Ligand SMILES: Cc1cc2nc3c(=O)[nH]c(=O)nc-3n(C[C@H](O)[C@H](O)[C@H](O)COP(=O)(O)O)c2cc1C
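One chain comes next, on its own, written as C-alpha coordinates: the form predicted on its own.
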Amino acid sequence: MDSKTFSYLYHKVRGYSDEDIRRESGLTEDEYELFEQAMSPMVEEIHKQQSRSEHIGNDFVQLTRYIYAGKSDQECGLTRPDAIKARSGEIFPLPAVGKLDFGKMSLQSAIGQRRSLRKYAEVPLSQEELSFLLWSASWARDFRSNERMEITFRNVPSAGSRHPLETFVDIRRVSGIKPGLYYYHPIKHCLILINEDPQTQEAILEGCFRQEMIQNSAVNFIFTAVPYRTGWRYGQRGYRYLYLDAGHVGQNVHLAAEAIGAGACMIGAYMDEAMNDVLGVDGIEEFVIYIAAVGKKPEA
(Lines give C-alpha, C1' and ligand atoms only; values in the text may rest on other atoms or scores of the structure.)
Protein backbone atom coordinates (compact mmCIF):
# COMPACT_ATOMS: atom_id res chain seq x y z
CA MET A 1 0.00 0.00 0.00
CA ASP A 2 1.46 3.38 -1.00
CA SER A 3 1.03 6.64 0.88
CA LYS A 4 -1.72 7.98 -1.40
CA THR A 5 -3.82 4.86 -0.92
CA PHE A 6 -3.30 4.93 2.82
CA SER A 7 -4.11 8.63 3.05
CA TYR A 8 -7.26 8.21 0.96
CA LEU A 9 -8.53 5.37 3.15
CA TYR A 10 -7.50 7.06 6.40
CA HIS A 11 -9.41 10.25 5.63
CA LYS A 12 -12.31 8.59 3.81
CA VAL A 13 -13.33 6.38 6.72
CA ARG A 14 -13.11 9.38 9.07
CA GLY A 15 -15.71 11.28 7.11
CA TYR A 16 -13.58 13.96 5.47
CA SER A 17 -15.15 15.82 2.55
CA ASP A 18 -14.15 14.95 -1.01
CA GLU A 19 -12.20 18.20 -1.29
CA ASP A 20 -10.35 17.62 1.98
CA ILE A 21 -9.48 14.04 0.99
CA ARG A 22 -8.02 15.19 -2.32
CA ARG A 23 -5.99 17.88 -0.60
CA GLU A 24 -4.70 15.67 2.23
CA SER A 25 -3.88 12.79 -0.11
CA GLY A 26 -2.45 14.84 -2.98
CA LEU A 27 -4.89 13.31 -5.44
CA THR A 28 -6.02 14.85 -8.69
CA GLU A 29 -9.74 14.80 -9.46
CA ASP A 30 -9.23 11.93 -11.93
CA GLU A 31 -7.20 9.94 -9.39
CA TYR A 32 -9.84 10.56 -6.77
CA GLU A 33 -12.57 9.17 -9.01
CA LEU A 34 -10.48 6.05 -9.66
CA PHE A 35 -9.94 5.58 -5.92
CA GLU A 36 -13.65 6.01 -5.29
CA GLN A 37 -14.41 3.13 -7.61
CA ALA A 38 -11.53 0.82 -6.74
CA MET A 39 -11.49 1.31 -2.96
CA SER A 40 -15.22 1.15 -2.28
CA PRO A 41 -15.17 -2.50 -1.06
CA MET A 42 -12.22 -1.80 1.25
CA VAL A 43 -13.87 1.31 2.69
CA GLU A 44 -17.02 -0.72 3.36
CA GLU A 45 -14.99 -3.44 5.09
CA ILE A 46 -13.19 -0.92 7.29
CA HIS A 47 -16.50 0.61 8.31
CA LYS A 48 -17.77 -2.85 9.28
CA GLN A 49 -14.74 -3.45 11.49
CA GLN A 50 -14.59 -0.02 13.11
CA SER A 51 -17.08 -0.84 15.85
CA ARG A 52 -14.91 -3.80 16.87
CA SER A 53 -11.79 -1.63 16.94
CA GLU A 54 -13.31 0.79 19.44
CA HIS A 55 -12.96 -1.73 22.26
CA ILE A 56 -10.23 -4.03 20.95
CA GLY A 57 -7.68 -2.95 23.56
CA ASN A 58 -9.90 -3.87 26.47
CA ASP A 59 -11.02 -7.07 24.75
CA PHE A 60 -7.41 -8.02 24.11
CA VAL A 61 -6.46 -7.66 27.76
CA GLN A 62 -9.56 -9.38 29.07
CA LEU A 63 -9.65 -12.30 26.64
CA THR A 64 -5.95 -13.15 26.88
CA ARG A 65 -6.28 -13.85 30.60
CA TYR A 66 -5.26 -17.37 31.55
CA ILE A 67 -8.76 -18.17 32.71
CA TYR A 68 -9.89 -18.19 29.06
CA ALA A 69 -6.99 -20.23 27.73
CA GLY A 70 -7.44 -23.70 26.32
CA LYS A 71 -4.63 -26.17 25.73
CA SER A 72 -1.76 -24.77 23.70
CA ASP A 73 -0.53 -26.45 20.53
CA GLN A 74 2.54 -27.55 22.46
CA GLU A 75 0.34 -29.26 25.04
CA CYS A 76 -1.61 -30.90 22.22
CA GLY A 77 1.58 -32.35 20.75
CA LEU A 78 1.61 -30.31 17.53
CA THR A 79 4.94 -29.92 15.73
CA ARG A 80 7.08 -27.13 17.17
CA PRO A 81 7.88 -24.13 14.96
CA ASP A 82 11.41 -23.28 13.89
CA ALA A 83 13.28 -20.82 16.10
CA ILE A 84 14.56 -18.90 13.07
CA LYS A 85 13.08 -18.47 9.60
CA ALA A 86 15.22 -19.69 6.73
CA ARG A 87 16.62 -16.90 4.54
CA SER A 88 18.89 -16.95 1.51
CA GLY A 89 21.10 -14.40 -0.24
CA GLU A 90 24.58 -12.92 -0.35
CA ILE A 91 26.21 -13.24 3.09
CA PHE A 92 28.22 -10.50 4.83
CA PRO A 93 30.05 -11.74 7.95
CA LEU A 94 30.18 -9.35 10.91
CA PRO A 95 33.23 -8.73 13.12
CA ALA A 96 33.47 -10.56 16.41
CA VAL A 97 32.24 -8.61 19.43
CA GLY A 98 34.67 -7.60 22.17
CA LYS A 99 37.11 -5.28 20.41
CA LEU A 100 35.39 -1.93 21.00
CA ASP A 101 36.76 0.54 23.53
CA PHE A 102 33.90 1.99 25.56
CA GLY A 103 36.12 4.34 27.55
CA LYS A 104 34.58 5.22 30.90
CA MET A 105 31.00 4.46 29.87
CA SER A 106 29.28 2.64 32.72
CA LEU A 107 25.87 0.99 32.69
CA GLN A 108 24.65 3.72 35.03
CA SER A 109 25.86 6.38 32.60
CA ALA A 110 24.24 4.66 29.63
CA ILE A 111 20.91 4.42 31.44
CA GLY A 112 21.12 7.95 32.82
CA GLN A 113 21.89 9.67 29.52
CA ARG A 114 19.58 7.61 27.33
CA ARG A 115 17.29 9.84 25.28
CA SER A 116 15.34 9.41 22.05
CA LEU A 117 17.67 10.93 19.46
CA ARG A 118 16.18 12.12 16.17
CA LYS A 119 19.11 14.03 14.62
CA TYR A 120 22.38 12.32 13.72
CA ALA A 121 25.85 13.21 12.52
CA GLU A 122 26.75 12.20 8.98
CA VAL A 123 29.44 9.92 10.39
CA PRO A 124 29.06 6.25 9.44
CA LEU A 125 28.96 3.45 11.96
CA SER A 126 31.85 1.02 11.85
CA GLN A 127 31.21 -2.65 11.19
CA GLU A 128 32.33 -3.34 14.78
CA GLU A 129 29.70 -0.93 16.09
CA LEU A 130 26.95 -2.45 13.97
CA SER A 131 28.04 -5.90 15.10
CA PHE A 132 27.81 -4.79 18.74
CA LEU A 133 24.33 -3.32 18.29
CA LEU A 134 23.04 -6.55 16.74
CA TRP A 135 24.81 -8.64 19.40
CA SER A 136 23.06 -6.59 22.06
CA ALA A 137 19.58 -6.86 20.57
CA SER A 138 19.29 -10.05 18.53
CA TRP A 139 22.31 -12.35 18.71
CA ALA A 140 21.69 -15.96 19.79
CA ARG A 141 24.41 -17.12 22.17
CA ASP A 142 22.98 -20.64 22.22
CA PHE A 143 20.73 -22.69 19.94
CA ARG A 144 19.06 -25.92 20.95
CA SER A 145 16.95 -28.10 18.71
CA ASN A 146 15.24 -31.45 18.95
CA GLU A 147 11.95 -32.94 17.80
CA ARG A 148 10.03 -31.54 20.77
CA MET A 149 11.51 -28.04 21.11
CA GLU A 150 13.67 -25.52 19.28
CA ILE A 151 14.86 -22.43 21.15
CA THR A 152 17.56 -19.78 21.26
CA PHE A 153 19.08 -17.94 24.20
CA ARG A 154 19.87 -14.28 23.66
CA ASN A 155 20.93 -11.08 25.43
CA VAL A 156 17.30 -10.06 25.90
CA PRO A 157 14.61 -11.95 27.84
CA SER A 158 11.72 -13.66 26.08
CA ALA A 159 8.76 -15.64 27.41
CA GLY A 160 9.70 -19.33 27.33
CA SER A 161 12.84 -18.36 25.42
CA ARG A 162 10.66 -18.35 22.30
CA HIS A 163 12.23 -15.17 20.85
CA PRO A 164 9.59 -14.47 18.19
CA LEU A 165 11.32 -11.41 16.70
CA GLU A 166 13.23 -11.32 13.42
CA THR A 167 15.66 -8.50 12.61
CA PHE A 168 16.02 -6.63 9.32
CA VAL A 169 18.66 -3.94 8.86
CA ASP A 170 18.23 -0.95 6.56
CA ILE A 171 21.87 0.10 6.13
CA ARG A 172 22.48 3.67 5.02
CA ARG A 173 25.92 4.55 6.41
CA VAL A 174 28.13 1.72 7.65
CA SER A 175 31.81 1.63 6.67
CA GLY A 176 32.58 -1.18 4.25
CA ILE A 177 28.99 -2.39 3.80
CA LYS A 178 27.00 -1.21 0.80
CA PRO A 179 23.63 0.43 1.50
CA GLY A 180 20.66 -1.89 1.24
CA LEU A 181 18.15 -3.98 3.11
CA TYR A 182 19.58 -6.97 4.98
CA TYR A 183 18.41 -9.76 7.24
CA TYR A 184 20.41 -10.45 10.39
CA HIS A 185 21.02 -14.13 11.12
CA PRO A 186 21.22 -14.42 14.92
CA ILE A 187 23.08 -17.75 15.02
CA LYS A 188 25.61 -17.15 12.25
CA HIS A 189 26.01 -13.48 13.30
CA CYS A 190 26.00 -12.29 9.72
CA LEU A 191 23.96 -10.15 7.36
CA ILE A 192 22.09 -11.59 4.40
CA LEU A 193 21.43 -9.15 1.58
CA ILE A 194 17.78 -8.92 0.60
CA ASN A 195 18.17 -6.16 -1.97
CA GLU A 196 20.15 -2.98 -2.63
CA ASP A 197 17.49 -1.13 -4.63
CA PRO A 198 17.42 2.54 -3.53
CA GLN A 199 13.65 2.45 -4.03
CA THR A 200 13.41 0.06 -1.08
CA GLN A 201 14.94 2.66 1.21
CA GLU A 202 12.56 5.25 -0.17
CA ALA A 203 9.67 2.87 0.51
CA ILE A 204 10.87 2.43 4.11
CA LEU A 205 10.95 6.21 4.56
CA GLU A 206 7.48 6.49 3.04
CA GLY A 207 6.19 3.62 5.19
CA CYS A 208 7.40 5.48 8.30
CA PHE A 209 5.46 8.62 7.34
CA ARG A 210 8.69 10.26 6.16
CA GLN A 211 9.97 10.77 9.70
CA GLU A 212 13.33 12.51 9.35
CA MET A 213 15.28 10.15 11.62
CA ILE A 214 14.64 7.28 9.18
CA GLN A 215 16.23 9.22 6.32
CA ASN A 216 19.15 10.62 8.33
CA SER A 217 20.12 7.57 10.39
CA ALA A 218 23.12 5.35 9.80
CA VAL A 219 20.96 2.23 10.16
CA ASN A 220 17.33 1.41 10.78
CA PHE A 221 16.50 -1.83 12.53
CA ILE A 222 13.12 -3.24 11.52
CA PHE A 223 11.85 -5.94 13.85
CA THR A 224 9.15 -8.35 12.78
CA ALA A 225 7.16 -10.72 14.98
CA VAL A 226 6.39 -14.35 14.15
CA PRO A 227 3.44 -14.87 16.53
CA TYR A 228 3.12 -18.63 16.24
CA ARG A 229 6.64 -19.08 17.58
CA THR A 230 5.27 -17.85 20.93
CA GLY A 231 1.64 -18.84 20.39
CA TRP A 232 2.59 -22.51 19.92
CA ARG A 233 3.43 -22.55 23.62
CA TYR A 234 1.16 -19.86 25.07
CA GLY A 235 -1.85 -19.67 22.77
CA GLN A 236 -3.50 -16.27 22.41
CA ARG A 237 -1.75 -14.98 25.51
CA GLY A 238 1.43 -15.19 23.46
CA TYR A 239 0.38 -12.01 21.66
CA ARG A 240 0.98 -10.12 24.91
CA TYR A 241 4.54 -11.39 24.99
CA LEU A 242 5.35 -10.20 21.48
CA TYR A 243 5.15 -6.59 22.59
CA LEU A 244 6.96 -7.20 25.87
CA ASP A 245 9.79 -8.84 23.91
CA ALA A 246 9.93 -5.89 21.50
CA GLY A 247 10.31 -3.54 24.47
CA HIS A 248 13.24 -5.55 25.82
CA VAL A 249 14.97 -5.38 22.44
CA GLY A 250 14.31 -1.65 22.10
CA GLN A 251 15.92 -0.83 25.43
CA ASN A 252 19.00 -2.88 24.58
CA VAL A 253 19.31 -0.98 21.30
CA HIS A 254 19.16 2.30 23.21
CA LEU A 255 21.78 1.33 25.78
CA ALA A 256 24.12 -0.20 23.21
CA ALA A 257 23.82 2.95 21.09
CA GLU A 258 24.76 5.11 24.08
CA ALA A 259 27.83 2.94 24.68
CA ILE A 260 29.23 3.70 21.20
CA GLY A 261 28.50 7.43 21.19
CA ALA A 262 25.35 7.03 19.13
CA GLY A 263 21.66 7.47 19.81
CA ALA A 264 18.44 5.73 18.89
CA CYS A 265 14.82 6.55 18.37
CA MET A 266 12.25 3.80 18.65
CA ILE A 267 9.37 4.08 16.18
CA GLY A 268 5.88 2.69 16.51
CA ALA A 269 4.22 5.04 14.02
CA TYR A 270 4.34 3.43 10.58
CA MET A 271 1.98 2.18 7.90
CA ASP A 272 1.63 -1.50 8.74
CA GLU A 273 0.61 -2.48 5.24
CA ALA A 274 3.46 -0.57 3.59
CA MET A 275 6.18 -1.83 5.92
CA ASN A 276 5.01 -5.43 5.67
CA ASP A 277 5.05 -5.09 1.88
CA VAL A 278 8.63 -3.77 1.91
CA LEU A 279 9.83 -6.85 3.79
CA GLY A 280 7.62 -9.29 1.89
CA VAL A 281 5.76 -10.51 4.99
CA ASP A 282 2.04 -11.19 5.10
CA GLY A 283 1.06 -9.11 8.14
CA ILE A 284 -0.47 -12.12 9.91
CA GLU A 285 2.04 -14.96 10.24
CA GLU A 286 4.79 -12.34 10.34
CA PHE A 287 4.43 -8.59 10.73
CA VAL A 288 6.48 -5.49 11.52
CA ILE A 289 6.25 -4.74 15.24
CA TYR A 290 8.94 -2.12 15.99
CA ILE A 291 11.53 0.05 14.24
CA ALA A 292 14.69 1.69 15.58
CA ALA A 293 16.63 4.47 13.89
CA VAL A 294 20.28 4.67 15.03
CA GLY A 295 23.06 7.11 14.23
CA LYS A 296 26.08 8.84 15.69
CA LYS A 297 25.39 11.80 17.96
CA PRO A 298 25.97 15.21 16.37
CA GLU A 299 28.69 17.37 17.86
CA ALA A 300 27.39 19.69 20.59
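So that there is no doubt, residue numbering starts at 1 and follows the sequence shown. Keep in mind that what you see is a predicted model, and the values were worked out from it rather than measured.
The form predicted in complex with the named molecule is left out here; the points below concern that form.
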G268: touches the named molecule in the predicted complex, heavy atom cutoff 4.5 angstroms: yes
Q211 within 4.5 Å of the named molecule in the predicted complex, heavy atoms: yes
Interface membership of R144, the named molecule in the predicted complex, 4.5 Å heavy atom rule: no
Partner proximity in the predicted complex: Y290 to the named molecule, non-hydrogen atom cutoff 4.5 Å: yes
Selected contact from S106, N155, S116, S175, since only one has a non-hydrogen atom within 4.5 angstroms of the named molecule in the predicted complex: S116
In the predicted complex, segment of 191-199, 94-102, 108-116, 147-155 with a heavy atom within 4.5 Å of the named molecule: 108-116
